[in-house]
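Just the one chain here, the form predicted alone, laid out as structure tokens.
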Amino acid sequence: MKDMASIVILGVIMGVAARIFMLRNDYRSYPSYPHGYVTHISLGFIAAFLASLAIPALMEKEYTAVTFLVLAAQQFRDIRNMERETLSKLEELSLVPRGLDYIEGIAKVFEARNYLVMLVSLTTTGFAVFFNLQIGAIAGIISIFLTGFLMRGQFVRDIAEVKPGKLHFEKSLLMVDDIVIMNIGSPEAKEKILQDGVGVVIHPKDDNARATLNNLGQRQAILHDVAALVGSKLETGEPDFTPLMRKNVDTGKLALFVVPNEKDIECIIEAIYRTPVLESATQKPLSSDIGRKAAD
């Protein structure tokens, strides 16, 4: 019993360590510090504790204890709903919102991280039971680093190339290269845009990338991340400075316009590259025969 207690404690420690390892508070400012940290670490502890009990309970033939894993899965689904509702409320006061697709992606990630915590704890306790505590600890550490690999998705840099674009006007039409962005009537706004505005062009690498970047949710995610990283001079009541993206319908390339706080084109391009590719936006027409034939 003493050994089993040590095994459970080891599994909990490794599971909580995995949740802390996966916890990020970056430019998106979510989860918030410190309250968001407390919530997610606490839920990670619960996930780790339940998973750590599973194998010892089976060894003791306490099969009913495993049903707690089913209850935990239900609770983690509720976490997704909680994150979705919280972020949706924050959208109401955001000048450059994330978009519903981005919010759904974040909510899925928070749910999935708790399942990864359970996987780490199960791995740790499994190796500790069948071998020893030292091997269980090593297996737990390895699995923690594997979770980082499992959680990594694609970024815009993986599917597109971003280049500077020429920001100019044709009469009242604001354009980036040959792509029309919007109509600007105010002479003062035109002067400000030409002085401080930046335009870039996003070139998809293939038809899969073209279909993915065609998704409005993916475009909104890029605009949000650019505004979050380099800032925006957008103010309420001044729609002329709203960051926008428009598509060349013939080639699929996208033009992005923003009036940043600092006119640094390299930082803006890097901000675009760092935007994650959303699961809900991912399209792979080249995986089908019809898509490959149409691309020829």
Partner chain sequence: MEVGIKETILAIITTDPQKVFGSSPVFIAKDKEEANRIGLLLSRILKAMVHDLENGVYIVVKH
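Bear in mind that the values here come from a model prediction, so they are computed numbers and not experimental data. Numbering follows the first chain given and starts at 1.
FYI, the form predicted in complex with its partner chain isn't displayed, but the following is about it.
How about Met182: is it within 4.5 Å of its partner chain in the model of the complex, going by heavy atoms?
Close contact exists here: in the model of the complex, Met182 approaches its partner chain to within 4.5 Å, heavy atoms only.
In the model of the complex, is there a heavy atom of its partner chain that lies within 4.5 Å of any heavy atom of Asp78, even though the partner is absent here?
Output for Asp78 is no: heavy atoms all beyond 4.5 Å of its partner chain.
State yes or no: in the model of the complex, is some non-hydrogen atom of Lys89 no more than 4.5 angstroms from a non-hydrogen atom of its partner chain?
Answer no; every heavy atom of Lys89 is more than 4.5 Å from its partner chain in the model of the complex.
Taking its partner chain as it sits in the model of the complex, is Pro239 in contact with it (heavy atom to heavy atom, 4.5 Å or less)?
Output for Pro239 is yes: heavy atoms within 4.5 Å of its partner chain.
Of the listed stretches (184 to 192, 113 to 121, 134 to 142, 218 to 226), which one has a non-hydrogen atom within 4.5 Å of its partner chain in the model of the complex?
The contacting stretch here is 184 to 192.
Ok, Ser94, Asn214, Gln154, Ser172: which has a heavy atom sitting within 4.5 Å of its partner chain in the model of the complex?
Exactly one residue meets the criterion: Ser172.
Mind listing which residues of 201 to 219 have a heavy atom within 4.5 Å of its partner chain in the model of the complex?
None of them.
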